[in-house]
Each structure stands twice: as C-alpha cells, then as structure tokens.
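Below, in structure tokens: the form predicted alone, a single chain.
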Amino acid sequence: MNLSIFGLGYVGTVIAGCFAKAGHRVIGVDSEPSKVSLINSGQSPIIEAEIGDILRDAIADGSLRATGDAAEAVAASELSLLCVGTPSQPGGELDLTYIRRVCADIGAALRGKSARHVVVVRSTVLPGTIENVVVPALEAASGKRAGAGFGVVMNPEFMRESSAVRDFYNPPKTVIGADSADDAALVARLYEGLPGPVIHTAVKVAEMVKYCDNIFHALKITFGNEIGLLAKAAGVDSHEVMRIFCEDTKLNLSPAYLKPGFAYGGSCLPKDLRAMTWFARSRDVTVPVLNAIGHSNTHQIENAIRTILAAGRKRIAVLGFAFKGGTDDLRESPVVTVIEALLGKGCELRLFDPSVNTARLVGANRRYIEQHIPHLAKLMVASAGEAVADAEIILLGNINTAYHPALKSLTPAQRIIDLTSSGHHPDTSAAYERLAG
C-alpha cells in the first residue's frame, strides 16, 4: 500500500522503515528539515538497534522517502499514520499541539483529494481524543465528514525503545479501533504475517488500552521494587521470591483477578496485606503502593454504597453476601460492609445466599456471624424469589446460577446493580447496571 507517516521520532522512524521493508511505499513526513534530510540520505534520526540498516536499504530501493510537504504525502498515499509526540504538560494533561497541527495539515490536503483516505492514529492519546480533537480538526480543515469523506482509525503501538524493531516484528497484539469495518480491514492488511492476535474494537477502547498496558508495567516495576525492599528487611533473597512468584501463571501472571468488579475480602487477602504493611512499618520500610491497596479497596466499597443510595430506593434485595460465590465465608466480606451501611441509612433489606445457612455454619464462620453481624441472620430469607419480591433494587453480591430464575422474573420497574466482575446475567426486564462499568 501507499503510506504517509507523520512524525519521524522513535515510532514513526521505526514503522516507516519496517513497513517499507515489508513492501509498502512509504513517505515519511516531518516539520524538522534535519530529520527529512537524514532519512533521505539513508541515515537514522534515532539510535535504535537494526533500524539504520533497514532505512539505508529502503532508501536505496526507493520504497521509502521523506518530505516536509504534508499535501504531497497525502496526495501520494491512501493511509496516513500519525506518530507525532503527545508530551505531558506540567499538570499531567497531554499537549496535543502536534496532533492538532498535523490534523490541520492532513485535512487541508484532503480538501482537494477525491479518493478515500484513512487517517490512522498511532500516537498515545487519552480516550475521547479522536472524537473530540482529531475528527473535528480533520473535518474543519477538509470540509468533509468523518466516515463519509475520510476514515479515522486508532491503532496504538506497543514498541519499546531499544527493542522497537524486534517489537514491531513480534507484537504481543495488534489493536485496531474503528467505526468502519472496511477501514479496520484496510489497516489490518498492514500487519499480515505478523504474530499475535489482531483485535478489532471500539475507538475509545483502543485509545485506553495503551494506557492500561503502560500503567500496569509501571505498577509491576514498583510492586517488584517494594517486595524487594521488604525481602531485604527480612533478610530474604528477593530475586528468589519473585522467581517463585513468577512460576505461577494460573493466578499471578495471568488474567486472574484482572476483571473490573468489586472489592476483595475474605480471610486471607485483607489479613495478609495488613500483616505485610505492618511489617514494613516495623522495619521503617516505605511501601506506598502496598499501603494504597487497602485504601483503594475501601474506596471501591464506598463507591458501591454511594451508587446504591443515589438510586433513592429503600427496598433492597441482596443476592450473595459471602465474600465470593460458592463459599459460606462471611469474614471481611465487602458485601456485608455494604449491607451494614445500607441498614444504617434506613434501607429495608432481604438477604439470600444459597451457601450461607446459619443452621449449618460451624467454626470461624459461625463465630463471625454471632460476634459481628448477629442482626443479619434475621434478614435472611429462604430463596432468591422471596428476596426479590417487592424489591426496588437487586444487588448481586456474588455469582450463582441459583439467582437466575428470580432475576428472569423481574419487572422493568426493578433495577439490578451488579457488584461482580462477570457481567453475565440472564435475560431480564429489569434495568441492569454493572458497578465497574
């Protein structure tokens, strides 16, 4: 295909060379004459393994050239890939000056172009940027409407400096966010033959995925460093600890626990986190990320309480209040904390959980109810149907198929608030809301 690549920094230079090597005809565009000159002389404007040889070969065989003329590049291409910088401003907001400038240049070039053109954003931008910045700028400069006069696609990059060429050829995934299936298919052709899944999704999802990736990488680094500090304070080999930790690809390095849902609870996670943060304080070790976990969990519970109370309805059925489905353990259940708060606000509650039966409970679970929440036993009913009868809000606290018949019987006047991470519920007439989006 014929490609124009706007911005010849790390991302733009690497993909210009790699796409040219793959057989596409590429025009690199940059406002800095020095970068244009370097590319056209077969030299790299960046220090990056392998890219120098790739650029030299591409210039030699005519598959790559560079220019400062945006109109020339747009006229000679069918896709324009935006790789310009989006630096931080002092308060953390992105500086979108270069995005706006390039969109204005591309839009002006599109004004006189009859063939359909697709603009592909590879720069890292916050959700809503394409809708609120890129599309309006292109439409204003071109006099055309997005979708009809030109296409816009979000295609975030997942390359790391110092290994960008290797990452280009071995992507973990390729994400294409588009409103048009035809535009998405056109962009997908660029990556034919590369490994990893090609994922088609909504534009805003594609915008946010890159942030999710990078923030998680930052979290992993910080988590590893804080565990290292604690291990050192305990006289433990931190690298051996983390080596063993990484052996678990079922729960630790896996999709487990990463679905947005509700707060954690139970007899292990809260207790173990408190013990380790106490240990850190006792050894004068600062672990701000670990300390923040409990505060964030509390915020999730408070957010649920606010959401329920904001509905302005007092009759509430709670389906599932053990800390997770399939257990009778109520210790530090976040749903129990929500129930306590709602009772304090004068709500009328009925509780049902097929795994929780006070007549059968023994040991720690029975003691927990008797000592901490004896009044909740009086609110428990024998079935999900009895719980939801006349309820204005149905709160799903954990997952259990025993709730499905009752949920199917709900009316449009009733409302479900789902605290679980599953998002799976039977067809129902009730309004449905998942707490975590």
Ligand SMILES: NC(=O)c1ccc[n+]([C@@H]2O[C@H](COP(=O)([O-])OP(=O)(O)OC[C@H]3O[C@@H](n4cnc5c(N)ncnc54)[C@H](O)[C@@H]3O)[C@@H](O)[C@H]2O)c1
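Don't overthink the numbering: it's just position in the shown sequence, from 1. Quick caveat, the model's predicted, so the values are computed rather than measured.
What comes next is about the form predicted together with the named molecule, which is not displayed.
Note on the interface: of 289 to 297, 327 to 335, 276 to 284, 84 to 92, the segment with non-hydrogen atoms within 4.5 angstroms of the named molecule in the predicted bound form is 84 to 92. Scanning Ser31, Ser383, Ser409, Asn40 against the named molecule in the predicted bound form with a 4.5 Å heavy atom cut-off leaves one residue, Ser31. Not displayed here, the named molecule is kept clear of Val118 by more than 4.5 Å at the level of heavy atoms in the predicted bound form. Although the partner is absent here, Leu110 is not a contact residue: none of its heavy atoms lies within 4.5 angstroms of the named molecule in the predicted bound form.
The shortest heavy atom separation between Val102 and the named molecule in the predicted bound form is within 4.5 Å. Taking the partner from the other structure, the named molecule in the predicted bound form has no heavy atom within 4.5 Å of any heavy atom of Ala20. Residue Lys210 is the only one in 196 to 235 with at least one heavy atom within 4.5 Å of the named molecule in the predicted bound form.
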